[in-house]
Every structure is written in C-alpha cells, then in structure tokens.
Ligand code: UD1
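Coming up is one lone chain in structure tokens, specifically the form predicted on its own.
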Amino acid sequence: MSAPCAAVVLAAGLGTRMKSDLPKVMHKVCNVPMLGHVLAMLDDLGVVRRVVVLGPGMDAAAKLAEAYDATVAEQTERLGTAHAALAAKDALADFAGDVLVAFGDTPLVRAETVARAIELRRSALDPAVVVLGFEEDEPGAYGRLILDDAGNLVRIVEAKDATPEELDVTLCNSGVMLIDGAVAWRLLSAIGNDNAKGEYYLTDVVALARAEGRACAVVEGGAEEFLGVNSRADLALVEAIAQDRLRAEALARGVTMTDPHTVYFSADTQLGRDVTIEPFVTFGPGVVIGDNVTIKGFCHFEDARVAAGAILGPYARLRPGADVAEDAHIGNFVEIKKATVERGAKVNHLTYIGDARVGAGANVGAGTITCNYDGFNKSHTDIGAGAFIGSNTSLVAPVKVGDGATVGAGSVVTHDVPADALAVTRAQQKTLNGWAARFREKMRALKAKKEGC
C-alpha cells in the first residue's frame, strides 16, 4: 500500500445465539478462531496498525489479538457499531492514515477485495467512505446500498426502513468499510442514536459524508465473503465454505484428492507437490506434509511433520510431536505421538509409538507398544537403526534397543538390548502329544452322558 491504513476490528459482540460460554469471535473455522482469520487477512494486506475492540472479560480474545500485535480497546457498553468503532479512537490518536472497519465474526473476507477498496479510496474520486458490498438475489434483512446513476454510493438504508423500490435493490451492505482518516473520527463522533434501538449505527457515516459534499463508493465482493456468524448453523456454513477454499487451493498446488469433499484441512496445513490424499482424511492444526507423500483413507493428523515419499495409513493417527522421515511407512491403526520415525522405517499395523525414536530402516511388528507412561512420568524408548521388533512386543520405557538388534515376538522388554543381539522374553513352550484328541473324546463322553439323563 502506498499510504498507511489502520484497521479497527469490532469483536465485542456477545453472540447469545451461539449459546456458548466462549466469546463468539473465538469460535473456530478451520481450527483457527474467527478473529484470527480476520487478523491474518490484515497481515496479508500489510496493515500494521490494528485495534481489536472487545467487551469486558474477553481475556482469551485479548490474548489472541496481542499475538497478532494488535492493540485491545474495550467497549464497556454495547451501544452499536459506531460506538464500538469509536472505542479505538484513543489507540489511533497518533495515526494519520485511513481507517478500515472490519468485523471479528466475518472470517471469509478476502484480502484482495479489501485491497481494491483501498485502491479506490486513494483514487481521483477521493471518496470519504468506501463500503464493501455484495449482490444477493434474496437480500432479506440486509441493508441496501443505494447508488446514483454514476454508480456512486448515495446512502445505506436498512431493510426495515426501505421503501418498496429500495427493497428491490439487490446490492447489499457487508458492514465492512474504509473511511478517510482525515475525517473518520469526526464523522463517527457525529453519529446519533435517534432510532428504534437507541444505538449508534456505523452505516450513518455515509449520510454524514454526503452531507458534507464528499463522494462515497462501493467495492463489490462475493456474497460468501461477508457471511457473518451469529449461530452454530452459520458457523457450520462458514466452515464448509472455508474448507472448499482450502481444497481448491490444495488442488491448484498439485495435490491429488480422490474425493476432496471428504478431506478436512486446518487453515495452516502445508502440503507439498504430488501429495496424494485418499478419502476421509483430517488435518488438525500444525501439520506439514512433504512432496510425494501418499496418505491413505481415514487418517487423522495433528501437529505433525511428514517428509517426502512417506506412506501413511489407512487409519493412521499422527498426534502432536510426530515426525515421520523420508520414505517411512506408517500403516493401518498405527498411532505415533511425540516420536521420530526415521528414514525408511516401517511401522505397518496395530502399533503405538509414543515418546520414542524408531531408527532408520527399522521394522516394528504388529501389536507393538512403547509403554511410555507409568502413571506419573513419561519415559523414552529408543529403537536403533535396522532393528527388528517382533509382533506383540511391549517395550517398557525407559529402554533402548540397539542398532540391528532383534526382539522376538511376544516379548516384554524391560532392559536395554545391545546392538545386533536377540532379546526374547516368553514362557517356554510345552507340547503334550495327543492331548487334544483325548480332550475331545472326554468332552463328547460327558456331553452324551448328560443328554442321556
């Protein structure tokens, strides 16, 4: 941007229709609070100065705002959108640029749409206010944007106050607007509350600017961008749209998905090229997937890293701290937690690896578990490079299996195993020849005797 722009994010709403103890703006879309999406959009725009207006007691939202280097202003009384915007005045008293007003419960607004509003605000038209609007075939309760013959914004009229002709207008008000910083605070301060609700409405800023002879303008975006969240149903709808965006972006980057609508991403999911994702895969926060990784169906990942060429699933679970190296295999019903699986290692089925290292080229058999928790402390298991762990083995941490060692199936390993050694802990097998036949004959005789009684 050629000139500075500050942002005021209105986020003090109680969200009573959400029926939640959590502030509305802290409900998550793609595993990020809605407020976080709005602040990330401001990052994409390069907006350095931002103020988040919150209500009393919204500590979690304040902490999130501070994580994005935003100043927090408090709206102690909720008296309308203009009143909320004015709560940011002191925080921006030393700022001379334009002021963008956005909403913390509208997480789908695109940075490129706002950028067009900034460009128009700085054009030769020099509009005092640029409102972001959208077309809606059935506008319902949305405020209407009334334009003159030249396409300039004349006023914003609420649906309940509109004439029949104005109700036919399909260009709707999103609420998001950019105001000339030279007049922003003066205009906002001049807004009154002479209306049915006794509230100070941000939309009145257009009429005030027009009364001073200033132009006002509209920039259109897609209707879905401006969906606000007021209920759990709204939240589900916004989540679905956001997921579709992430799927489209992944496909455009060279990811193959055989059934995209069954794959769920987090906002921060990172995928390499030529990744293949089969149906019903969920990416929680903090997942990074390298190039040429194959992810089979029904997997769930969170806070995990997977390097190039690995094969995962089906039904694999990577929990926080899982780090899977190049060409490793994590198979069906395998859970990895806070563990490193090194290059070419195989953990192919029915296994739990937690607080551990699986060395390069090691093979871990089915039913193996690292017994990492004793009820009080977590301990580490180290499986060396090229080691072979037989099926149904319990590795009781802390324990180390050396490079190239073999652990026999069914073992419970409580002591370190040296490199290239064999460790076996199982009861000695006892064989009684002919016992099974004698047992069957005995049981048949007892059954016949019982039936004859």
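Just count from 1 along the sequence shown to find any residue number. Since the model is a prediction, treat every value here as computed from it, not as a measurement.
One more form of this protein, predicted together with this ligand, exists but is not displayed; see below.
Of the residues 352, 95, 142, 298, just one reaches this ligand in the model of the complex with a heavy atom at 4.5 Å or closer; this is 142. Note on the partner interface in the model of the complex: the residue among 285, 309, 80, 314 having a heavy atom within 4.5 angstroms of this ligand is 80. Using a 4.5 angstroms limit between non-hydrogen atoms, residue 203 touches this ligand in the model of the complex. Within this chain, residue 104 lines the site of this ligand in the model of the complex, having a heavy atom no more than 4.5 Å away. Contact check for residue 75: a non-hydrogen atom falls within 4.5 Å of this ligand in the model of the complex. Residue 160 falls outside the set of residues with a heavy atom inside 4.5 Å of this ligand in the model of the complex.
Of the candidate stretches 367 to 375, 326 to 334, 236 to 244, 81 to 89, only 81 to 89 has residues with heavy atoms within 4.5 Å of this ligand in the model of the complex. Shown without its partner, the chain has 173, 174, 175 in segment 173 to 193 as residues with a non-hydrogen atom within 4.5 angstroms of this ligand in the model of the complex.
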